[in-house]
Each structure stands twice: as C-alpha cells, then as structure tokens.
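The chain below stands alone and is given as structure tokens, in the form predicted alone.
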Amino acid sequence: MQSDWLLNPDITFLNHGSFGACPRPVFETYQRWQLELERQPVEFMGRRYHDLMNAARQKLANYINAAADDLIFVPNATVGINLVARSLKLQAGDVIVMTDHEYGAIHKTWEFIANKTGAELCIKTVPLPLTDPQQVVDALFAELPERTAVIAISHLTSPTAVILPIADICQRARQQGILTVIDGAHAPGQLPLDLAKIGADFYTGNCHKWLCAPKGSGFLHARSEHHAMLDPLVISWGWGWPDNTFVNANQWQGTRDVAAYLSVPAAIEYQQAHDWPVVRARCHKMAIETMGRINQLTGLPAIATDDFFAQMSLAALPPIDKEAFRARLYDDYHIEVPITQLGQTHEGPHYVRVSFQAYNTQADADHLLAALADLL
C-alpha cells in the first residue's frame, strides 16, 4: 500500500501517532468534497449540509458501535475534551483525577478548569513496568479523594503508548457515582472500538490519526443522559431549536469547511477494503519486535508487556539531550520519530515512541536501529 500514501519517501516516517497520515484515495475524496462546496456553496451549506453530516455520523457510529444521536463531529479530541470540561458544573473542593501518562494539552485543559472553578487536580502515578491491567485500576482508585467528581484518562496514552483498561475503570467509576471522560485520541483505527461495551460517560477520539481520515476530523460521544448538561463551544443557529438535541446544538456552527468530516466514511471504507485487522496485526508485530531490539541495544528494561501496546511501542533511552538527539535523528538520518517524557515537568526518563502503520516496512525499523546504535 505504500503507493497510496502521500508521505515524503526520503523520510523514514515512524511518527504516525502525532498527526496521522491520509492515504491518497481518502485525500482525493476530501478534495472532492471541498470542490463540491465551492461549486455551489449555497446549495451545499443551505440544502445538503445536514443530510450529508448525518449520513457521515451514522457511518462513524456504526464503526464504533454507538448511537448516532449520541455522537457529534469535532475538529480533534482536544476540542471534545474542552467541550465536556467547560460544561461540567464543578465546584470548589471537587476533585478531577488523572494519571501521570496524560497528553500535555489535556492536562492543561483540566488545569484551566480547576483554576476557574476551584476544583482540585489529583495526578495518580501509574507505575512502570506494567505487567497486568489491574495495576492501572489499583493505582487509579487507591486512596481516591472523597469528592472525586471526574476521572479523566486516556484510552491509549500519548507519551507512553500503553493501552489502559478503560472499560473496567468506567464500570468501577459508575458504581461510585464518578463521571468518566476518556481521551481516545489514538484509539479509532488502531484498536477495535466498541463504545457500548466501554460505557464511558464521555469519549472523544480522533479520526485523522489511526483511522487515516483528513486532518481536522474527530468526534465526541456522550451518553444520552448527559446531553442536556453539555454547552456548545459555539452558539449558532442550531442552538435553541424546538428540537434542541445534542446534535442540533453542535452540528451547525456557522460557515466552515466540513470536508474532513464528510471524508470519514471513505477512511473507514479504505481500511475495510484493505483488511485492516491484518494490517494492525503486522504493525503490532513490528512494534513489539522493534521495542525489544531497542531494549537489547540500550540494556534497559521494557516499560510494559507486549499486550499493553498496539501499533505504537515505547522504549527507554539512557540520559540524553532530548532536543539535540531528536534533531540528529532527523537532520542526519532523516528519521521522524518522537522522544517523549512522562508528566508535565519533563524531568523524568526519556523514551523513543515508535509508530508503525500500513506504509512502514522492516527496513524502516532497521534504519532506526542503526541510527540509534550510532548515536547512543
């Protein structure tokens, strides 16, 4: 499938996890939608818009096993988290529980909400190495503050690439009357996703990462009993209709290019046509093997067992100058790969996070290993 991708062939691209990449057939669909809008913008926006958006939402809803009425499109998962976080009626003394493995922008969102409402942030340490999902559950719920109102965690973490047992966490939180807000930025397309089984109160994900839709396509799912509490980030014509539904209040937000949203069905169909479970399995195998090779090179232990990873994997590095190391990898070896750290202080150990997608080959992994051997 390498010919289907628009990536620069001179770069060894092992960073699909940051912004994704869109295959040519899906990107061409995206451009066709943009062209249709420009050819007759009044017809497109005034007469076709809602039917087109509803059809795209239904296709996505079927893919993630959710009701379409519980689903809206958003530009990305960060926007989805912001919509929920700004809508919750938190008060002074309420507690928002997170882990130390969360994405920086999401941590900042909840920090902003805490500062604005007087709520408190409680950051739970998820210990490494991970060998059992119960370790995560135990770490999260141990000595949980009495006024915990929200548990806000990732499905698949950005800095460490590990899969968290969110279905178990959501079930236990519901039993204790705690809302769950799940950042699923990396999950759609990388993991089989069943929102009905997960049972989160709120789940937001990106379609432009591992589902390989165009940039600017994500979604927010909210259980029906929570629709009334959610305030749109933008008030426009859809708000206050006689049928003031979750979808109506959020779907129309003024004139905007929705081509990325309308291309999500094409991304789903592309992956279905190319037997994506097989692609994911091949990429997972490369991710695990590459992680093992890096661990062997550095002599450092694995941060988690193989079943915590999907198409991304993480390996610890010895002490390095993070920016200089990343620059050398790119400038001297033409390798695009992130160097990550845990937490917000960026004082902890360094890791290399490697992503494998359909376009990657064993030669990409070999090139990375050779570069790491030189630089280390």
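Everything numeric in this text was worked out from a predicted model, so none of it was measured. One rule holds for the numbers: they count along the sequence shown, beginning at 1.
Only in words, not in the display: the form predicted in complex with a small molecule, which the text now covers.
A.B. asks: Which among 172-180, 191-199, 134-142, 150-158 is in contact with the small molecule in the predicted bound form, heavy atoms within 4.5 angstroms?
C.D. replies: Result for this chain: 150-158.
A.B. asks: When the small molecule is placed as it is in the predicted bound form, are 163, 166 and 308 each within 4.5 Å of it, taking any non-hydrogen atom of the residue?
C.D. replies: The answer is no; none of 163, 166 and 308 reaches the small molecule.
A.B. asks: State the residue from 251, 290, 78, 271 whose non-hydrogen atoms include one within 4.5 Å of the small molecule in the predicted bound form.
C.D. replies: Comparing distances to the small molecule in the predicted bound form, the residue within 4.5 Å is 78.
A.B. asks: Does any part of residue 259 reach within 4.5 Å of the small molecule in the predicted bound form? Heavy atoms only, please.
C.D. replies: Because no heavy atom of residue 259 falls inside 4.5 Å of the small molecule in the predicted bound form, the answer is no.
A.B. asks: I'd like to know if residue 264 sits close to the small molecule in the predicted bound form, meaning any non-hydrogen atom pair within 4.5 angstroms.
C.D. replies: So residue 264 does not count as contacting the small molecule.
A.B. asks: Using the partner position in the predicted bound form, report whether residue 84 sits within 4.5 Å of the small molecule, counting heavy atoms only.
C.D. replies: Answer no; every heavy atom of residue 84 is more than 4.5 Å from the small molecule in the predicted bound form.
A.B. asks: Does residue 106 reach the small molecule in the predicted bound form if we count a contact as any heavy atom within 4.5 Å?
C.D. replies: Contact with the small molecule, yes.
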